[in-house]
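Below you will find one chain, with nothing else, as structure tokens; this is the form predicted alone, and questions on how it binds or moves follow later.
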């Protein structure tokens, strides 16, 4: 059986690979949307935080023998703690000035992180093994799906929609949203707004690090892995609507699938299809698909 001249097995296989890529896009876009939506910071360091998460996992294995499951907990905590330091020492000084200053600062931080790791480990890729419990593959009938890629999809969707639920449907999320819009009023209720803001940035950084650990066994770990991905992730956030949590998640998943299918039907356009879609969306809806006009 064929679909538009493409064998069904190849079509479904590429669809699944697109869903895996979309899961990474969704997790990274989610962190960016959380930081921008709640703090107003265009966090260009997000790709570097993703890269740091992968390096923390690799170093914890090479230096301390910690396994993948420990790295899934450790890397977001380490990078999240670094996020608190960044927010308390640097970003908090920029909340009342033009957002371009925050963008330039985080861009500089990303360059510094890449430079330091390039100096320490070089540009050659590091390999991270697939955990033993997730090795092998499952026969779905129409394709053989590696177990680790299936785990990436399940873990990413769980984290993404769990984060959306916390922000949009719980009291904690209400405090977060209110704290960024009217901090004086929320502080009057006894909420420590500066600490809440710092923890919000740490949560966004931790999400990026978690995505880095999930990606480590399926890609090569290099100092440039974040820079190679961050432009596409920004495009995903713009298409979904800057600051829209649900928009970032759904757009990331859909664009991953679209990119995967483009590789089947017109491979030459697979590297630009996301940006073509972004241009079209911005012409029709400048605020993005899920964004609100101001």
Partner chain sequence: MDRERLARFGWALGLLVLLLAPWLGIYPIFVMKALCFAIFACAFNLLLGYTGLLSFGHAAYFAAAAYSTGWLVRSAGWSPELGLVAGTLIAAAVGLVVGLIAIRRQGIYFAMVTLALAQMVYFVFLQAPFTGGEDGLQGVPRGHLFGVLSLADDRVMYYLVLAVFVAVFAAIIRIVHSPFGQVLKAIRENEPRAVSLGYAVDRYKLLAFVLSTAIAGLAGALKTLVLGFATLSDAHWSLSGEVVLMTLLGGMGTFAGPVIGAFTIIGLQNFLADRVGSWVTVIIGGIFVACVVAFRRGFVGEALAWMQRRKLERAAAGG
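Keep in mind that what you see is a predicted model, and the values were worked out from it rather than measured. Positions refer to the first chain, counted from 1.
What comes next is about the form predicted in complex with its partner chain, which is not displayed.
This chain is displayed without its partner chain, yet in the model of the complex the stretch 100-108 from 100-108, 138-146, 75-83, 165-173 comes within 4.5 Å of it by heavy atoms. In the model of the complex, no residue of the candidate spot (49, 177 and 258) has a heavy atom lying within 4.5 Å of its partner chain. Though the partner is left out of this view, residue 116 does reach within 4.5 Å of its partner chain in the model of the complex, counting heavy atoms only. For residue 6, no non-hydrogen atom is located within 4.5 Å of its partner chain in the model of the complex, even though that partner is not displayed. In the model of the complex, no heavy atom of residue 58 sits within 4.5 Å of its partner chain. With a 4.5 Å cutoff on heavy atoms, residue 112 counts as touching its partner chain in the model of the complex. Of the candidates 264, 242, 225, 253, 242 is the one whose heavy atoms come within 4.5 Å of its partner chain in the model of the complex; the others do not.
Annotation for 35-69: interface residues with its partner chain in the model of the complex are 36, 42, 44 [heavy atom within 4.5 Å].
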